[in-house]
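Encoded as C-alpha cells, the following chain is the form predicted alone, with no partner shown.
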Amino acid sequence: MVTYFSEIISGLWSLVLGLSVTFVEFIRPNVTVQYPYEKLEMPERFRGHIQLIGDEEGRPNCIVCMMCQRACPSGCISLSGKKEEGQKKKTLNSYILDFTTCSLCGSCVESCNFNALEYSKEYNLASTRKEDFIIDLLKRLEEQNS
C-alpha cells in the first residue's frame, strides 16, 4: 500500500516538473522569425560562398594569378584570363565556382593577395537542380554593378 501512494506522489511530482518547464517556456519571448516576410541579419563573421570584389569602375580586382585555384582543396574554382594587346596584366574572362563541391574552408580567400575575393552574406541557397549551384562570379559582379 505504501508503494502505491509513493508511485502516485512520484507521478504527481514528475507532472509538476513537466508543467513548470512548459510554463517557463510559455512566458519566454519568441525567437521564431517569420521567414518569407522577415530575414535574419547575418553576423559579421558569417562565411557564405565566395564572391569577387570590384574596383571603383566595377571591374574585378583579380589579376588571374591562379593562387585561389591552386589553394582550393576541393578543386571547385576554375578561372581563365587572357592578356590583351597594350595591357600590362591579364584580364579575367571567367570565374566559375562549383558550390556543390565547395567545403567553405576559406583557403581561396586567404591565399588571394590582391583583395579580389571575399565571403558573401548570402545564406538562402536552395534549389533542386545542380546547375543552380555552379556560379559564374564574374557575371554576378557585373550584375551587382549595373
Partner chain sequence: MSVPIRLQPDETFILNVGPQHPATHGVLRVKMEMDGEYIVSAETVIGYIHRMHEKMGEIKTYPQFYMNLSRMDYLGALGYSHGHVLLIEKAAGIEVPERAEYIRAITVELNRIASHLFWFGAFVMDLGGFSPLMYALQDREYILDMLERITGSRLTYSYYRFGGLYNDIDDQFIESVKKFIPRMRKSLKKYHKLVTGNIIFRKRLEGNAILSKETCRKYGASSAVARGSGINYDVRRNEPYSVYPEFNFDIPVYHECDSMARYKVRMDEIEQSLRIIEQGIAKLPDGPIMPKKAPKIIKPPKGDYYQAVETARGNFGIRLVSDGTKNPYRLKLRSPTYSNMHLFDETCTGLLIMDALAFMGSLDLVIPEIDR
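Residue numbers count along the first chain shown, from 1. Quick caveat: nothing in here was measured; it's all calculated off a predicted structure.
The same protein has a further form, the form predicted together with its partner chain, not shown here; the description that follows concerns it.
For its partner chain in the predicted complex, the listed stretch (90-98, 58-66, 44-52, 77-85) containing residues with heavy atoms inside 4.5 Å is 44-52.
Under a 4.5 angstroms non-hydrogen atom cutoff, its partner chain in the predicted complex has Leu17 among its neighbouring residues.
In the predicted complex, Ser103 approaches its partner chain with a heavy atom inside 4.5 Å. At a distance threshold of 4.5 angstroms between non-hydrogen atoms, Glu25 is in contact with its partner chain in the predicted complex.
Not displayed here, its partner chain is approached by Glu7 to within 4.5 Å at the level of heavy atoms in the predicted complex. Residues of 110-127 placing a heavy atom within 4.5 Å of its partner chain in the predicted complex, in sequence order: Glu110, Tyr119.
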